[in-house]
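So this first bit is one chain, no partners, the form predicted alone, shown in C-alpha cells.
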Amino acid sequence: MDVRSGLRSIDARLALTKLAGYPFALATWVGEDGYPLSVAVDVTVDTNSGTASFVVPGGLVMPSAGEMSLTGSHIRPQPGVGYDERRHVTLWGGLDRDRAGWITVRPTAAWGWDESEEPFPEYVERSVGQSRRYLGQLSSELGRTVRPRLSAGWLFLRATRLPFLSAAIVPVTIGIAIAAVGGLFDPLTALLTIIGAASAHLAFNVANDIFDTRLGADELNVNPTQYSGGSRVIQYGLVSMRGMQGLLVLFLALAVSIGLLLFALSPSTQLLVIGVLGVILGVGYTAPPLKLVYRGLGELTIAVGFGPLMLLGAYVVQSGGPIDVAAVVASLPVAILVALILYVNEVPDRPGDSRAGKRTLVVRFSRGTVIALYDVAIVAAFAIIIIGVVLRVLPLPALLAVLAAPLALRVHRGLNVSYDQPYALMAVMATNIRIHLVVGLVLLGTYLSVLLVQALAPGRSLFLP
C-alpha cells in the first residue's frame, strides 16, 4: 500500500503500460502558490526508457523541474444503477522539460485500482487503515478528535447488529407458545424472558466484535458484507474499544439481572443450568481461553445456544422445571437453521479467518464438503419436523415449514455459483437467514393456532389422529 494514497502500489513499468491504454491522462503538480493544479494531456508512453511525455498545452504555464503525477482513468455509467468498469492508475516522479515544450515524467512510484481485479467494497476496505492514520494525524494537528459519525440510532443498530435479533426472539417465543399450549403461561415472566434473551444476544454480538478485533480476525477481513465480517464499528472508528466494552457490560448485566430475577420468580435446577451454560457459551464463543469458534466449534455453540438453551429456557421459566418433549423436538430444527446462518455467513470470511487462525468449519473443509454438509443439515432440519408431526409430537400445521425448502435449494445453487465471490454471496446469505425466520414463524404460528383451537373448539385437535 502506498502511504500517500492508501491505494495498492504497483510496479512503475506496469503502471506505464496501463497508462498507455488510456486515451488521455491528467497531469497534476503543485503550483508556485502551493495549490495543486491539473490539466488533461495527451501522453506518449515509452516503456523501454520508463518515461511518459506530453506537450505542454498552449498558453499554460507549467513547471520545468520538480515532481508531477500522471493519472489515467476509466468509468462506464450504468443509467439507473451506477457505474462499472472503474479503473485508474497514477504515476509519480521527477520531470524534465526540453526547449520544444515537451515534459517527460520518470515515475518512481505508482498506484492504482482496477475493479475487475479488486471489487470496489474490498478496495474501500483496504483503505481503512490509511483513513484512520489520516484522521489520527488530523486530530493531532487540530487538537480535537476527528472521526466518522453516525446518528445515535443507526450507530446502535450497527454496533449491536440489531437486525439479527430474530435469532433469539424466534426460539424464545416458540418456547413460550409451547408452554402456553400446555396451560403454562405468565405474561410478566414471558416478557422478561424475551427482554433477557434479547439482551444476552446483543451482549454476545458485541463480545464477538471485541474479541474478533483483539484476535485480529476482523482486521484481516477485507471482504466484510452486510451479513458477515462483524459490525466494523471499531475498525471504522465509529465506536472505541472502550465504548464497545461498555456496551458489553451493559447488556450482559441486564441479561444476568433478568436471569436472576426469573430464577427468583420461578426457581428450578434446569433454569439455573441453562442460564449458566448460556453465559459460558455466549462469551466463550470468541473470548479466550475457550475461543470456541476459533476451534471449529462455532456452529455447535450457536446451535445449542440459540436452539435448545433459548427455547427450553423460555419453556422452563413458564413450567417451573419440567420439560415437554415437544419443546425439545421443536428446538432441534431451530438450532440447525440458526447454526446454518453462521455457517454460510462464514464462507466469505474464509481468507481473513484463516490468516487469523480462526479455524471455522468452512476454513477446515473443502468447497464441496462445505456445500454437502449444508445440504445434509438442511435436510435434517426439515426431516425432524416431518418426523415430529408423524409421531404426533408436533402439531400438523408444522408441516407448512417444508414450504421453505425451495429457499434452501436457492442457497445450495448460490453456494455452488458464488462460493468465491463475497459480494455475490450476500443474496445467498439473505435467503439462508430467511429460511430460519420462515420455519421459526411457522412453528410459532402452529402453536398459536393450537391455542386458538383450544379456545374456540376445545374438542378438536391439530395433531395427526
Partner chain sequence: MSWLPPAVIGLIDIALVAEVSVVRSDGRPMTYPLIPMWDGERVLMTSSILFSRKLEHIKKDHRVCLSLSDPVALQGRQDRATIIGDAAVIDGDPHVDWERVLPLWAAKEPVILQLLKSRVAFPLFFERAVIEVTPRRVLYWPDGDASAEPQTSVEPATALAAPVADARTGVPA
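All values reported here derive from a predicted model rather than from experimental measurement. In this text, the rigid core denotes the largest set of C-alpha atoms whose superposition between the two forms falls within 1.5 Å. Numbering follows the first chain given and starts at 1.
Separately, the form predicted together with the partner chain exists; it is not shown, and the next lines address it.
Peer 1: Run the contact test on F251, P289 and A326 with a 4.5 Å heavy atom cut-off to the partner chain in the model of the complex and return yes or no.
Peer 2: Looking in the model of the complex, the three residues F251, P289 and A326 all stay beyond 4.5 Å of the partner chain (heavy atoms).
Peer 1: Classify M429 as contacting or not contacting the partner chain in the model of the complex by the rule of any non-hydrogen atom within 4.5 angstroms, answering yes or no.
Peer 2: Answer no; every heavy atom of M429 is more than 4.5 Å from the partner chain in the model of the complex.
Peer 1: Considering non-hydrogen atoms and a 4.5 Å limit, does the partner chain approach L272 in the model of the complex?
Peer 2: Because no heavy atom of L272 falls inside 4.5 Å of the partner chain in the model of the complex, the answer is no.
Peer 1: May I ask you to state whether R242 is within 4.5 Å of the partner chain in the model of the complex, using heavy atom distances?
Peer 2: No, no contact at 4.5 Å.
Peer 1: Answer with yes or no whether P322 is in contact with the partner chain in the model of the complex, where contact means some heavy atom within 4.5 Å.
Peer 2: Contact with the partner chain, no.
Peer 1: Which pick from A100, A152, A264, L142 sits with a heavy atom within 4.5 Å of the partner chain in the model of the complex?
Peer 2: Of A100, A152, A264, L142, the residue with a heavy atom within 4.5 Å of the partner chain in the model of the complex is L142.
Peer 1: Looking at S127, S228, S166, T189, which is the one with a non-hydrogen atom within 4.5 Å of the partner chain in the model of the complex?
Peer 2: Going through each option in turn, the one that passes is S127.
Peer 1: Given the stretches 214-222, 234-242, 178-186, 379-387, which is the single one in contact with the partner chain in the model of the complex, using a heavy atom cutoff of 4.5 Å?
Peer 2: This holds for exactly one stretch, 234-242.
Peer 1: At a 4.5 angstroms cut-off on non-hydrogen atoms, which residues of 125-153 are near the partner chain in the model of the complex? List them in order.
Peer 2: Read in sequence order, the residues that approach the partner chain (within 4.5 Å, in the model of the complex) are S127, V128, Q130, S131, R133, Y134, L135, Q137, L138, E141, L142, R144, V146, R147, P148, R149, L150.
Peer 1: Superposing on the rigid core, is the CA of Q78 displaced by 2 Å or more between the shown form and the other one?
Peer 2: Yes; Q78 is a residue whose C-alpha shifts (by 2 Å or more) between the shown form and the other one when the cores are overlaid.
Peer 1: Quick one: core overlaid, is R106 moving 2 Å or more at the Cα between the shown form and the other one?
Peer 2: For R106, whose C-alpha is compared between the shown form and the other one after core superposition, the shift is 2 Å or more.
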